[in-house]
Each structure stands twice: as C-alpha cells, then as structure tokens.
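Coming up are structure 1 and structure 2: the same protein chain in two forms, each one given alone as structure tokens.
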Structure 1
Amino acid sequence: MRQESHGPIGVFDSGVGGLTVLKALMERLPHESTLYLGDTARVPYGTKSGEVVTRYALKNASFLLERGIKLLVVACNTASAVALPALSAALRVPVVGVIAPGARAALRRTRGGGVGVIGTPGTIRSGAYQRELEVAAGSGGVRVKTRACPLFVPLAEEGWLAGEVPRLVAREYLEDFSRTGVDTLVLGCTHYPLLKEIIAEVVGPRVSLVDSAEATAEAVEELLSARGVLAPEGREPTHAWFVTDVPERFMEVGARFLGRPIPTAEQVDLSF
C-alpha cells in the first residue's frame, strides 16, 4: 500500500480536452504526480462508434499502466461513456471516469429534479449520463434532457470562446433548455468548461452549470484517501505529457485548457 502512494495518476483523453480534468486534479491534489496521454492522432472520439473508442481506450490505458500509474482517470466523456466497463475489467488499478462524478454532482445541485446533459454525439447516444442519473437518483426520481453539441469542440479548440459566433451556436443548441424545466446542466464534454460563460448567458441564471472536471477531481481524492495512497504532503510532484501525433498544436492549444504552459510533450507510437 505504502509503495502505491508513489505512483503517478494516469489521465487520458482523445486530445487536449482532458487537460481541463488534469487542471482540476492538479489544483485539488497538488502533491500528486501525473502522466497525461492525449490521443491526438485519433481525435475526435465523440463522433466514432463505441467499439472503436473502446479499442483506443484500452490501448491508451495499457500505455499508462506500463509506466506504473496507481490510478487511471478517463478524462474523456465519450470514452467514459462507452469504455468504462471494459477498462475496469481489464486493469489492475482503480479506474475513475467523469460520468458518475458529474451525475452525482448534478443530483446534489438540482432543486426541482430537472437535469440537462450536453456532450458529444457519442456520449449522448450512449445514454450513459441518463442511466447514471436515474440509478443514482433512485426513487427520488430525475427528469433528464440531453443534447449533443458537436460544434462546441472546434470552437473551444480555436479559442472562439466569446462573441457572436459561439453565442449563435449556443443559442441554436440551448435556447429552449431553460423552458424544459431543467435547473441544472451538466457540461458533459471536456471542452465545454471553456465555453462556460457563453453557455451560462444563453441558458440563463436559473440554470446551474456542473463541471464534471471538478467533480471528478473530488472523486479521485476520495478514492485515493480511502485506499491510503494519497501522495504525502510536501512531495514535489512531476508531470509528463504524451501525445500520439506531433506535439506542437497540443502544446499551444493545450496551454489554454490547462491554464498554464505545457513545458514539453513526447510523441509516442501506439499504432496497432
């Protein structure tokens, strides 16, 4: 057990998006070392089939596992939605996805029991958030309204976070959400926290936004603490980034998602 607390936390995503989850982890658990893998050669996952995303997810996980991680965070909502059972069955370390923490945070937040979920087409099609919300709500009940918002991903990556274009897109997707009795909206995609302000403006002040990145970091802390493998205070953490395509764009765009520069990223070959 003692030795396990020295291993890094492994985090993977289809690309830069999972850096919003890494950011929340680094803020909440400043002594933990991390290894981040962005599968930039195969991004996007959000429009691919569950079968293909599961294959990529298993490959990503084994890359990180070989490097001695003590816990795996599946930062990608789409991969969490479709590949979590396969990952949990295949790995010998605990696996934390972003769906269950996000769903539980939404249930704690909602006042009237109306929860909206927005995400990639793959996440929404999987029904994973809906299932998680219904199971966690139990007999208390919850009304779930979901919507895929695929254009938010390129907008966030291009840095179009404010102004007419993102506002128009957000209106098209979300304007009627506030009329559906939804009082809580889960940002069920790694990229959406960057568009928080414009989303909040469109859905209005009565709808509270839930960022699954923060909820996931909280779940990771609880799990490490329950297992007695939190990194000791005072430990100087190390952080490393790996990508499956050339690192330049990842480092440039990623700095915006992480909120700090990415000093270096190593390109690795996961072809199979």
Structure 2
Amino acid sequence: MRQESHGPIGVFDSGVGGLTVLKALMERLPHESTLYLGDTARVPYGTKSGEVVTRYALKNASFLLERGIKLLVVACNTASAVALPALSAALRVPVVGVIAPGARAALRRTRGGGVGVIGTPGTIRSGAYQRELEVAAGSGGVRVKTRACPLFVPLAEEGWLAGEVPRLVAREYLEDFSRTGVDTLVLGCTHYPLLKEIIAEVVGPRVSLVDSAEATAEAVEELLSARGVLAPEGREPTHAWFVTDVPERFMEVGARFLGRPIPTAEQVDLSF
C-alpha cells in the first residue's frame, strides 16, 4: 500500500538514546512530522532475549502503525540486531534500522579497511555490526575491531559529557584503537553521539567517527525520496512523544539527547 507524503515518520527505542536518531532526522528532514515511542517501562532491551525483544518491537511498531506512520525507524541497536526481519515481514511500511546504515557509512569512510565498532555489551555480543560490515564489504574485505563501552550510557544520561571523568573512561576503552590499524570508528550506540568530542579526542585525528544516527537519517531520506513520499517543502511539521513509563524523567533527560526541549510526552500502556 502506498504511503502518502503527509504521514509521519515513526521512531522507537527502549528509552532516550533513540532521540539522537530523531534529532538527526529532524535536522536532515525539517519538513517531516514524527512520532517517537520510548519503551521506558521495559528498558534496557540489551539484557533480554531476542524473542522477547522481537515481541516488544512488534508491539511498539503496531502502536505507531495505528497512528498512520509512512516509515518506521528502529532507533535501537538491540532491536535492529534481532527484530528487523520480523518487523519487515509484519509491517506494510518500510523499516529502517540503525546498524546497516552505520556499517555502510563506515565502509565508505575507511581508507585502509580497518573499522572499529563500539557499543553496549549486548550489541557487541550480537555480532550484528560485524556481520553487516563483512557482508557489505564483500570480496573487498574488512578488519573489524569491537569493544563494549557500557559506562558511556550512564555518562550520557547524567550529562557527564566533558571533563576528566568521561576522558578517563574513554581512554580506558579506546586508547589503543588507533594503534591497531583502525581508521574509522562506528558509534554503535545511540547514546554515544553525546560523547563524540571526548571520543574523538581520545582516538585521535587519524580515526574518523561514524555517527549511526546521521547515517540512518541519510538512509531514510534516500528511501522516502525513492518512493516519492518526502514531505513537501514549506509544510509545518508536527512532533509527538510517547513513553511507557515516567514521562517527567524522559522529558528531562531526553532534552539533552534531542538538543531541544520536549514540550510534552504522553504515557501509554503497551502491556500484553
């Protein structure tokens, strides 16, 4: 079924991290309306089984689909790693995850084939970025170095984005990356763009950073354009936020991720 250009883009994540993807979408596609769902009652997804995450993802997608979205963005690395096939099969709208766009952007950027990926333990353990990079690279080959950086998430959520504490944590995780032939580093968690400056400082100028949020926004623009359903220029967009628990905390922390105030967030019940 053809989706009309006036429909909003739907975005979901387990919490606030996906707001960096929403921010990239709003900056790249300023005329598009959006609906964001943060499943804050069941965060984090990374500690749960693939079957459970897929069930949550389908429920989230159904909620957004009922509100007339024309495209779904899975702004969660864990859900992107395990639930995309089920979502694509079940939904009548296109589905874009954050892993494939980030991997393709890294391959375009790398000069010598050495790509690093940092993410949460669940994302790194899933091997999703490694598989996507190897498939996309094909016969050209790619060397992938991965590292889980779990402390970056609480640092981002608490606003510890500069200074000695995040610098020491980043050094502990990343100081050896540039010495192992990595020239491109994928920020494989939606929280990590907030720490981009500290990460860039630690890995050094010879390592190019790839923000999966920005790569995902680019992929969404290309897909909507190819389907002829981009919102017309000059249209005034609307934006709405939904959460499954504690709207006040979401609005407070989420404003840091979105780079602007979140005027309101409606709590909804997705239990089943």
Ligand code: DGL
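Between two forms, the rigid core is defined as the largest C-alpha subset superposing within 1.5 Å. This one's a predicted model, so the numbers in the text were calculated from it and none came from an experiment. Residue 1 is the first residue of structure 1, and the numbers go on in sequence order from there.
Q: Which number belongs to the form predicted together with ligand DGL, 1 or 2?
A: The chain shown as structure 1 is the form predicted together with ligand DGL.
Q: With both forms fitted on the core, check whether the Cα of residue 208 differs by 2 Å or more between structures 1 and 2.
A: False for residue 208: its C-alpha shift is below 2 Å.
Q: Once the core is aligned, please say if the CA of residue 48 is shifted by at least 2 angstroms between structures 1 and 2.
A: Shift at residue 48: 2 Å or more after core fit.
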